[in-house]
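One chain follows as structure tokens, the form predicted alone.
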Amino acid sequence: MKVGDLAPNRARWLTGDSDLNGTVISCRARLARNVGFAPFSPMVTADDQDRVIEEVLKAAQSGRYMCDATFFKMNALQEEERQLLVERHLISPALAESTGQRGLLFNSDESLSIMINEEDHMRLQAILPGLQADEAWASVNALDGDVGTSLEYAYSDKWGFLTACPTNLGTGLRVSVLVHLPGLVLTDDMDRVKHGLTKMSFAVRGFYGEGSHPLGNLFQISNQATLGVKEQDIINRLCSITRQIIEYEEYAQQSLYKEAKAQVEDKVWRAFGLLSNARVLSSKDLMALVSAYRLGLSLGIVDHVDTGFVNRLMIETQPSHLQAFYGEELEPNERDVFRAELVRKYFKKTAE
């Protein structure tokens, strides 16, 4: 398989299942793990990294969950190919941009993956649609057990799983949700919500996680504490907070609609008109329009498509996906034209 072959694939986390009225796009559970035979970053050498890749692949591919998985070595990929994997949320921007021997192993529906030699030797990830935190945890925990039967993890009876960054010590578990919060943004309440979440030891990041900015009113919320907290407690607390945020978001949306019905409907229908007919669309404009259209779906203003369609549209129109669809390098202005053409085709198919 080539990286570009992933572009038209419909990853499981994009289906729109369990999305709680379109607010929760996906839920991810990620475990940080290191092996005992190699130094941690940044002391690890290229030879160490090669051995880590070899041993992780051997352990994972001989197990139950990754026996038919696909492996990509980052050093063998072009920048556009690595960026496509970032756009699909299979790897972090840090893995795409870093140097050294590193790789990615993932299953057919992209719900399970292992980043090798990012900050830690392994980042095991399960990503599912909607608020399926317990299911994501069960999946990544099973994968961890599978791989861990063949590898000796770096572990301390006092500190738990040892990691390159002290913030991941203990369980090594980060659970996150990707949520759409246009109501809170439009009512200028998002900064207050961010402040409250930070005080409760939750991180609020952008569309691609750490170091990224929000796009299309999409935010990633995750736990910060991993030491001295049980895994199930982490999951329960994140789910509880997420449901509270959903309540705030629904209240904000309904308040907006009640106070400015015509303006909200105009925003939604303008978005539909541009998505259906525009001849030039930048990536930033596309995400803003998709956000407005998704708001219309949540409020019942439009019902032409489901949220799964909108999710796929959001990913498949990202720059590196467009390059893969087109088959050759595109200049930014050419991408904007091709993006608009692709979106028009998508909406035309839904009307047939």
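Just so you know, these numbers come straight off a predicted model, no measurement behind them. All residue numbers refer to positions in the sequence shown, first residue = 1.
Another form exists, predicted together with another copy of the chain; not displayed. Remarks below refer to it.
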The stretch from 310 to 318, 55 to 63, 279 to 287, 39 to 47 that lies within 4.5 Å of another copy of the chain in the predicted bound form, judged by heavy atoms, is 279 to 287
Would residue 76 sit within 4.5 Å of another copy of the chain in the predicted bound form, counting heavy atoms only?
no
Exercise for review: Indicate whether residue 109 is a 4.5 Å heavy atom neighbour of another copy of the chain in the predicted bound form.
Suggested key: no
Counting only non-hydrogen atoms and a 4.5 angstroms cut-off, does residue 265 reach another copy of the chain in the predicted bound form? yes
* Asked: Taking the shortest heavy atom distance, is residue 207 within 4.5 Å of another copy of the chain in the predicted bound form?
  -> no
Heavy atom within 4.5 Å of another copy of the chain in the predicted bound form, from candidates 246, 162, 86, 274, belongs to 274
Applying a 4.5 angstroms cut-off on non-hydrogen atoms, the residues of 18 to 34 near another copy of the chain in the predicted bound form are none
